[in-house]
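A single chain comes next, written as structure tokens; it is the form predicted on its own.
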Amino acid sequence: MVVKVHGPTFTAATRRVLACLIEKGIDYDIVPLDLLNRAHKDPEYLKLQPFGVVPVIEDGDFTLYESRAILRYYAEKYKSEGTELLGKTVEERGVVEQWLEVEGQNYHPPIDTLIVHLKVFPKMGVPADMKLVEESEEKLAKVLDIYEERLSKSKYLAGDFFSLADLSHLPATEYLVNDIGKDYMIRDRKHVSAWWDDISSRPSWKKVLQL
């Protein structure tokens, strides 16, 4: 069964899902959506995703949205295939879940604000709120200091194994480092920088960036 992934390949959420599918060796087809023409608000799409955001997966008769929920679903469904992304014990699973939540609640939001104001708004001719940019960078710096401490003790966020916790950070960090000129926030932290070099060099992520 080939999984259908509805969503443009440039969005962080869609990229997160694609990286997981590739790590697991799951066949997929991308169903592109033209966000500029509001295809994600089309009535047919809203039948799949009533909130009108991306991505959505169709796995046979099963439909699922929210990218991190999709990650958990495939990591569990294909637990014995491809890369083990959940940990081998209940304790490891707990730590994976912990850092996956940290990514969603603490890490991604300030980066998302930076992307909107420094990348999206300029393309739209909308002035960036530089006060908000400064506040978001300060928030992110505090989060990254915690990451630096954590990664001084383990190779990856959940321990010494690559997991969903690390994978979920790939899209936003890619934009931070390579699109909005904030690479120093990663590079100024020795262990965070080494971690980023490691996870961003994975074949799965390189393949996602080529799509």
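Everything quoted here is computed from the prediction, not taken from an experiment. In case it trips you up, residue 1 is the first one in the sequence shown, and so on.
Here the subject shifts to the form predicted in complex with another copy of the chain, a form of this protein not shown in this document.
Indicate whether the candidate residues Arg72, Lys77 and Val143 are all in contact with another copy of the chain in the predicted complex, with contact defined as any heavy atom within 4.5 Å.
Yes, all three are in contact.
Could you work out which of Tyr45, Phe162, Tyr175, Tyr65 is the residue within 4.5 angstroms of another copy of the chain in the predicted complex, going by heavy atoms?
So the residue touching another copy of the chain in the predicted complex, by this definition, is Tyr65.
With the partner left out here, check for me: in the predicted complex, does some heavy atom of Val116 sit within 4.5 Å of another copy of the chain?
Looking in the predicted complex, residue contacts with another copy of the chain do not include Val116, since no heavy atom lies within 4.5 Å.
With a cut-off of 4.5 Å between heavy atoms, is Val90 one of the residues that contacts another copy of the chain in the predicted complex?
Contact check for Val90: yes, within 4.5 Å of another copy of the chain in the predicted complex.
Can you tell me if Pro50 lies within 4.5 angstroms of another copy of the chain in the predicted complex, counting non-hydrogen atoms only?
Close contact exists here: in the predicted complex, Pro50 approaches another copy of the chain to within 4.5 Å, heavy atoms only.
I'd like to check something about Pro122: if you look in the predicted complex, is any of its heavy atoms closer than or equal to 4.5 Å to a heavy atom of another copy of the chain?
Answer no; every heavy atom of Pro122 is more than 4.5 Å from another copy of the chain in the predicted complex.
Only counting heavy atoms and a 4.5 Å limit, does any residue of 96 to 124 reach another copy of the chain in the predicted complex, and if so which ones?
Contacts from 96 to 124: Glu97, Gln98, Trp99, Glu101, Val102, Gly104, Gln105, Asn106.
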